[in-house]
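For reference, the chain that follows is the form predicted alone, supplied as structure tokens.
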Amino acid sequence: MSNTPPSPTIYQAAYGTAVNPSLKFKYDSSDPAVGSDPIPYYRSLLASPPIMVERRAIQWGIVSRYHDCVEVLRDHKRYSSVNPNLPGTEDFDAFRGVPVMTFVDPPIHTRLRRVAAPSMAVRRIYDMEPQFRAICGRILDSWSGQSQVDAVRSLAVELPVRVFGHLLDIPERDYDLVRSIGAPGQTLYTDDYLSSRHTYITDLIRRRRARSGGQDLISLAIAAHEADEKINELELFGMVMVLVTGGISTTADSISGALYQMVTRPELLEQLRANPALVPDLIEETLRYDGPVQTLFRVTTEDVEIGGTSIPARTPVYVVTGAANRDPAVFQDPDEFDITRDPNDHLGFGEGVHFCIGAAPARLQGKIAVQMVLERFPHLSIPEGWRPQYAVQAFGRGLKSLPLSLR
């Protein structure tokens, strides 16, 4: 049974009359018009229980309130992650049927995640902080002498590219391939593209199998496979692809988003400069306030009821975590950016069995990037007149650029 719906007065008090009741029926996560300014749509969605809408000649459910989203994401039996190949759901199948953790359910998901877990273990990742800082330092060295940089291209993307190059233990000459796999804005891959990447990654797998004791992502996965978890080469290819894709694009969007929130708030910038230990709180609030992942995809396996709304079996469902993270029934003053927010139980990394396996490296890279920028460049600002523009994907959005003046 669903949680008791919150009182409508909560939303009335939070939004007053600033709600367009019709916008909720126009919500489409792939629509650039929605992605460029989603907040009015979120308010409209939150002001009502879950709804049904028609998209591409079929019915879709939209779930947006926090507790409803949590219920859906924790119930993988009734809300599956397996793409049903219905009209419009191809937007959520970047890998064109290659088996990846994101789009499978237990027990397959459990098996794949156990193979990937050793390489993404929180303690292992945080033990790598010195290496990650050294990587970030070399990137920021290239900023020396410049008066302005694009922080998206020259830091937010470049740091996770080099981090995953390090985690994969591949030579720097091959980093362009890593960049292409995790490029922000990449929504659907062509068959030729996947074929060329499959050739490269399977060759890496072959070479890693020929040696033992490696600590890179692929070697650890192979070791877990040979110990007790069985994974075929196509699944291993999919694992590398989804870890690199998610690890680069969403981390890049998180880093650039945090820098943007910080630099556009002078008092916050000074507060963080005075106390860099607060940067992890900046990262968490950015993930809540405007994180890279705004919508997740599920499909019902049976007739369900959520938040008082009936959704038939085999119906695709938008789980709008971007709206849930601004639910005034859970977050006080949700439209305020507040790094002191406590608790801050956002859904920026999802929830349930599909909670983001790359949360640790994403959090660590965000902390390192912001702290080191603050240390090295004390006079940050954004050029006057610049306005943010976003690359919009089915799952979320990220800044196309972020010009930072360094002097």
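Since the model is a prediction, treat every value here as computed from it, not as a measurement. Heads up: residue numbers just count along the shown sequence, starting at 1.
Just so it is clear, the following notes concern the form predicted in complex with ligand HEM, a form of the same protein that is not shown.
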Checklist line | Partner-proximal stretch of 302 to 310, 203 to 211, 244 to 252, 148 to 156 relative to ligand HEM in the predicted bound form, 4.5 angstroms, heavy atom | finding: 244 to 252
Next item on the list: Evaluate residue 113 for contact with ligand HEM in the predicted bound form, applying a 4.5 angstroms cut-off between non-hydrogen atoms, and reply yes or no.
Entry: yes
Notebook entry, point to check: Is there a heavy atom of residue 354 lying 4.5 Å or less from a heavy atom of ligand HEM in the predicted bound form?
Noted result: yes
Margin query: Just checking whether residue 348 would be counted as a contact of ligand HEM in the predicted bound form - the rule being heavy atoms within 4.5 angstroms.
Written below: yes
Next item on the list: Using the partner position in the predicted bound form, report whether residue 362 sits within 4.5 Å of ligand HEM, counting heavy atoms only.
Entry: yes
Next item on the list: Using heavy atoms only and a 4.5 Å cut-off, determine which of 323, 161, 296, 258 is in contact with ligand HEM in the predicted bound form.
Entry: 296
Next item on the list: With ligand HEM left out of view, choose which of 101, 317, 236, 272 has a non-hydrogen atom within 4.5 angstroms of it in the predicted bound form.
Entry: 101
Item checked: Heavy atom distance at most 4.5 Å to ligand HEM in the predicted bound form, all of 47, 61 and 288 -> no
